[in-house]
Ligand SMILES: O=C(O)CCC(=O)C(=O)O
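Heads up, the chain below is alone and in the form predicted on its own; it's given as structure tokens.
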Amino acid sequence: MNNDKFDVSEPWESTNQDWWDWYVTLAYNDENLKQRFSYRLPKVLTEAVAGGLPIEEIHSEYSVSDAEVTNFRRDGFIKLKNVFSASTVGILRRQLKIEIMNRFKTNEKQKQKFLSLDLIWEKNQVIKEFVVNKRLAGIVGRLLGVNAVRLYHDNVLSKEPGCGRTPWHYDTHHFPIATTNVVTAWIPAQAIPIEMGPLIFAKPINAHTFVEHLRFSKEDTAYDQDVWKIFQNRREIEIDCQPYEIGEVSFHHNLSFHSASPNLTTESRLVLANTYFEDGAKLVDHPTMVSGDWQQFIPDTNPGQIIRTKRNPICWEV
């Protein structure tokens, strides 16, 4: 047996985009990725203009019910409708597209298929309002039942037409944060029909316990296939795959196993994904290559130290 195939202890030594280019190769695809479904963006998204950002909407409190908190803690994720208005989503989409176009050339987009940008909140003031954000972080605080929430990082994700699946995973495997009080707010910048590749969740939250014995392979799709086989064969596990409406945002716990299907449409699936964690958490003792270039997200912090850098601001507190 080639043990190097399973050894992820070494740090990642390249860029975050290189990490994504590697990571999507670990997903098993048996779909016809050449198939294209026509998808027309609503005018409210295509005609969004700069300026007029509704700050009150973006930073006002979003009411989360006790029942929704219970469902989140049981399932490991929740999807909330109307977190943002359609016009606000249009403003976000315009800014995400600008950043993607500024970073990637057309031929790069066609080659890489899954595009990623990080720390955009430090450069783009509009996107910063969607990241260092009391509305989203407040929802996270309510779902977790904690007193204060910090930012781990933002992630602009563009799954290009023809891009295949995202492999099954849970974020505990990726985030070098020594707590389970971590949640990612996944904010689509358009509606996401099934054909565009919405997130797929395995519930309940303890689905991860059924696959913890599997060895992660950094060289092939074996791990992804093995996880999927177990989930399909366990009556205790339910697979949730639903489209997203405009303004709908999902929040998933770092113990929640999830995946995403291919983008078989003619339009980019643009998403802003912000990860927040409980204030007071520490950096894990042994970060690995699966955490990618984590030093850029948690600078000047050694393993075992509390995370409290300027790049990890408190976004919400009681």
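Position 1 is the first residue in the sequence shown; the rest follow in order. Note that the structure is predicted; figures quoted are calculated from it, not measured.
Although it is not shown, the form predicted together with the named molecule is what the next lines describe.
- The closest heavy atom approach of residue 205 to the named molecule in the predicted complex falls outside 4.5 Å.
- At the 4.5 Å threshold, heavy atoms of residue 210 stay clear of the named molecule in the predicted complex, well away from it.
- Of the heavy atoms in residue 159, some are within 4.5 Å of the named molecule in the predicted complex.
- The named molecule in the predicted complex is approached by residue 20, whose closest heavy atom lies within 4.5 angstroms of it.
- Shown here without its partner, the chain carries 151, 276 and 311, none of which come within 4.5 Å of the named molecule in the predicted complex through any heavy atom.
- Listed residues 95, 116, 184, 190 were compared with the named molecule in the predicted complex; 184 is the one with a heavy atom within 4.5 Å.
- Interface residue among 83, 199, 227, 127 relative to the named molecule in the predicted complex, by the heavy atom within 4.5 Å criterion: 199.
- Of the candidate stretches 276-284, 54-62, 36-44, 253-261, only 253-261 contains residues with a heavy atom within 4.5 Å of the named molecule in the predicted complex.
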